[in-house]
Each structure stands twice: as structure tokens, then as C-alpha cells.
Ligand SMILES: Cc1cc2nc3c(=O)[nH]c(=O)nc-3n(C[C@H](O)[C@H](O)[C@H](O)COP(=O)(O)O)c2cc1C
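Here we start with a single chain on its own, the form predicted on its own, put down as C-alpha cells.
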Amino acid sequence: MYMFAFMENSTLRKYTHGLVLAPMAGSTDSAFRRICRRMGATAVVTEMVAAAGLSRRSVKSHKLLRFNNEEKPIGVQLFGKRPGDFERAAELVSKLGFDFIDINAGCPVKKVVNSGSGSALLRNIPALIAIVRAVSSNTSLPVTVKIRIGWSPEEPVPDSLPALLAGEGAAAIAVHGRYRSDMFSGEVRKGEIERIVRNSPVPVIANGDSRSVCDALDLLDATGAAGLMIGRGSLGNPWIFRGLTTGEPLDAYPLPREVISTIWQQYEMMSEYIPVNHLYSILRGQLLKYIRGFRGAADLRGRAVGVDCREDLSDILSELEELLIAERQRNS
């Protein structure tokens, strides 16, 4: 096994040649991004923010821009379809302390695609190029682009796309190894990511199905990418970043007390910016990601969905620790 080592001479290099937490709507809020940075992620990206919403000064969109300095280097991910919206959004976010701006051309969700945004831009390359140009022309920050390998097997991204994006100012490209038609199912097509790496004049970050340290290393080896972006594999398991950066045994799970401590830390950080009347409904979704993969998890998950106060959380975490200790003893 080998370990990742990172040069500190460039903030952007921590994104292009490091371990990046992928932006995931409803999951990668400020608290979780901080947890992942503590575990070894070298850069993080905000949840998707609507460029049009920022142009209209939408309160919801602006809330997604909050971050803590502990998260840096951090990029803001913008989505939309109109270059004008991206121009105004780029000007706005450039003043807020972000380290780079990421353009989403990969989200496969129907609502986003039907609006002409996300993966829909892979079928409208001129529009995507115009958006990259609009952002690059209105910020001094590095600009990156997140794409998929194409709309469908019949409509892969052209070999010329990386050079076109770089020509308009893209400093790096993150590639999720599925077509839009795949959504999130099926195997990641490593050969298609490698094709994009081969044709790109700028660094490519590989993304998709890094659910374990071994998966992540395999993806990097197979694609020749400069760095890795890890999404769903980090949910409930931010230790995946530590495993990749420290050379710990593959997929070594943390001690039960560390799992509990990490959840408490995440809860306390969420409490900093989420009103108490919304805190527990949002927390439940995060909590459930940690309660899986061991005997007794299903029953505990059933009770965890009812957490609505600190005392409830304390009870659930006490039982979670007991179950994790028992699981560890069975596997020892």
C-alpha cells in the first residue's frame, strides 16, 4: 500500500492532487465538511448553490454559502444554465473567502436536468463553454468543472471537451465515472475516466464508488487521475480520508468511542447554525448514516428516526456504542 502526500505550495493543488469531499445536497453541510477535513480531506466543496438564486439574493441560496475557516481550502459549487447568472454569482462569491469556484455539469437529478442545468449541459457543450467563460471572466479565483463521462453510452463527452474547458479558464476537471443515464447505479466506468484524463491538459479528479480505501486506490490506479473526490463512501465513514492519508490498515474502523465522539462533534457544530426547531429533523439523516453495517443496526435506526432532543440523542449514542463494542468483539 502507498500513502498520499501533498505539497503545500498551492491551495489549488490540495484540490487537484488531494482527497476532496464531494458536494452532496443535504449531506455535506459545514459540520460534516469540518469533520472530513479533520480526518484528512485536503479540500471540500459546498453543496450545490443555484447561480440564479444568488443573482436574486435568495435567502436559501445564501445560507448554503456559510462556512467555517477550518474547512479551507473550500470551493463553492454553482449550478444553473444562464451565463449571466454565473457572471453575477461569480462576482458575489469571489468576495466571500472561497478558494475556488466549481461549476456543476454533472448532477443527474431530474429536477436539475429538466431546468437545463447539471448533466443537461453535457448535451449543450456551447452553453457549458459559455458558462465557464462567464465565471472565469468575472473572478480571480481558480475555476473548476464537475462533469460526468457523458449523457449516455451513445452520447459520451467528446475527446475535445477537456481542452475546450481549459481554453476558457478551467484549472481542473472532476469526473464522475457514470453517464447521466446511469444515475447512481451500475459500476463506475474507469476506462472512460481514463480517456478524459488522457485528453485533458489540466488535472483530472476521479469520482465514483470509493466506498473503501481499497476502492479509492483502485480508482486512482485505473484512471491515472491526479486526485480523488469521495462522496457517498464518506457518509457515516469520514475515516476513509484518514485511512488514505495515514496508511492505516485498509478500512480499519475506528474505536467505538471515537465514533460516538465524532457524532457528538458533528451535532455540536450543527447546533451553531441550525435553529433548534429544525436541528433534530436534519440531524436524523446524518445520524442514520453512522448506524449501519453491524448486528442490531436496523432496530437502532428505527429508533433513531424519532430523535427530537439531546436526551434522545444521548440514549441512542449510548446504545450505538454498546453495539459497536459487541461487533468489534465478534470480529476480533
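Residue positions are given as counts along the sequence shown, with the first one as 1. Nothing here was measured: the structure is a model prediction, and the numbers come from that model.
The protein also exists as the form predicted together with the named molecule; that form is not presented, and the subsequent description refers to it.
Should Cys309 be counted as a contact of the named molecule in the model of the complex, where contact means heavy atoms within 4.5 Å?
Cys309 lies outside the contact set for the named molecule.
Though only this chain appears here, would Asp99 touch the named molecule in the model of the complex if you measure heavy atom gaps against 4.5 Å?
Result no; Asp99 lies far from the named molecule in the model of the complex.
Partner contact for Leu313 in the model of the complex: the named molecule, 4.5 angstroms, heavy atom:
Flag for Leu313 set to no.
So in the model of the complex, is the named molecule close enough to Leu323 to count as touching (4.5 Å, heavy atoms)?
Although the named molecule is absent here, Leu323 would stay clear of it in the model of the complex, with no heavy atoms inside 4.5 Å.
Of the residues Lys72, Lys190, Arg232, Arg88, which one places a heavy atom within 4.5 Å of the named molecule in the model of the complex?
Residue within 4.5 Å of the partner: Arg232.
Identify which of Asp209, Glu194, Glu168, Asp182 has a heavy atom within 4.5 Å of the named molecule in the model of the complex; exactly one of them does.
Checked against the cut-off, the match is Asp209.
Could you tell me which of 299-307, 23-31, 261-269, 278-286 sits within 4.5 Å of the named molecule in the model of the complex, going by non-hydrogen atoms?
Selected range: 23-31.
Between 121-155 and the named molecule in the model of the complex, list the residues on our side with a heavy atom within 4.5 Å.
Contacting residue: only Lys146.
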